[in-house]
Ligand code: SIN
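Okay, so here's just one chain, in structure tokens, the form predicted alone.
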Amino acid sequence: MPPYQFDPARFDVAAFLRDHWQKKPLLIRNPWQAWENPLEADELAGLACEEDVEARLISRAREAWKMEHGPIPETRFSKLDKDTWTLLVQAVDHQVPQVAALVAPFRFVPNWRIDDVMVSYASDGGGVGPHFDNYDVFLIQGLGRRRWRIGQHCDDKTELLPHDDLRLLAHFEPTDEWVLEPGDMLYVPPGFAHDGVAVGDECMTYSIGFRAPARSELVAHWCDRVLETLGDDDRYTDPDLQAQPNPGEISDEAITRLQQMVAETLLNRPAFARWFGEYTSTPKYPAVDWRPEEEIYAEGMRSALESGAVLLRNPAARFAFLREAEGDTVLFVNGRTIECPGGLAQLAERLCAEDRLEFDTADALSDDACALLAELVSEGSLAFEDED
């Protein structure tokens, strides 16, 4: 697996976060210690043909844009020779370990903010048109060359072209332009217009996107969870009611009391934190099935680790943990809450920080730790390294 690591002399993470993150675009010329393209074009096309993989084929004839949703029939690719087209496949890091390795250098951003790696492959002149995203993205050139133009900052009021599937800008005002070679990387903050066009054939680009929950999304889903916990007998009360001059008035006292009923429930920080841990760790795409043929138990896990077994984290699984005010640690795995008291806290933190787990000696692991690891292997969130 290629060792994807940034060369500090070519990409200063601290300076990037200070000067560019969510502020302004940045072109970084080949910031890697060693660059190697992790995926072949035929592999990407094969993924696009699968039922459980999200794929799109965008083509353009004259000024007309067309988008086809996957799975893409294999025969469709043989009919694309005369078209200008782009193939987009989401969450390729969930399917291909070599692509998943691309995410590791970006761990300076919290894991819960990292979404997935989308891979695009385009013919000469292919692209998806001028557009903007509501999230941060790093665009890494894998094969071939692509011309990127960066434009104005956009928002919900920016005019779009009428199209059922694509969010194309009605007006694009480029301010910067670069041609990216293999290994080059372009960072685009949320809201900045950009347009990438393949220069020559065999143009492959890796897009590492980041989650940015909308306020409306958080409010809607958090309120749904709160409603699940409320009963009809939790009602407004006013035992200190006094007669008021006009019975038609809604008094300030009533409004204050009503608002407090809502605020006390919605502003429950510990409950919100646990809900968000479950919410943000829920996979967006179906997890790649890593479940073993036979369930493993704590004893079997200890025996395997004593024999030198190494555990790998499923790239499609989402891990996060939370330190609560009382000092307790809570682990979230694929939307599920796992209490990790005492010595399990350290293991929970390792599970969230490391893609590959080695243990010097299984003797240092408690029975509860072995049971937790066995549970995660049995459900497919972890797997032994030597298994397919």
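Note that residue numbering begins at 1 and tracks the sequence as displayed. All values derive from a computational prediction rather than experimental measurement.
Absent from the display: the form predicted in complex with this ligand. The rest refers to it.
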Exercise for review: Tell me, yes or no, whether H131 is in contact with this ligand in the predicted complex, where a contact means a heavy atom of each within 4.5 Å.
Suggested key: yes
Practice item. Give a yes/no on whether W85 approaches this ligand to within 4.5 Å in the predicted complex, heavy atoms considered. Key: no
Check your understanding: Can you check whether S120 is within 4.5 Å of this ligand in the predicted complex, heavy atom basis?
Key -> yes
Review point. Does this ligand get within 4.5 angstroms of any non-hydrogen atom of L139 in the predicted complex?
Key: yes
Check your understanding: Of the listed stretches (68-76, 93-101, 166-174, 140-148), which one has a non-hydrogen atom within 4.5 Å of this ligand in the predicted complex?
Key -> 140-148
Review point. Which pick from N111, Q152, S207, T280 sits with a heavy atom within 4.5 Å of this ligand in the predicted complex?
Key: S207
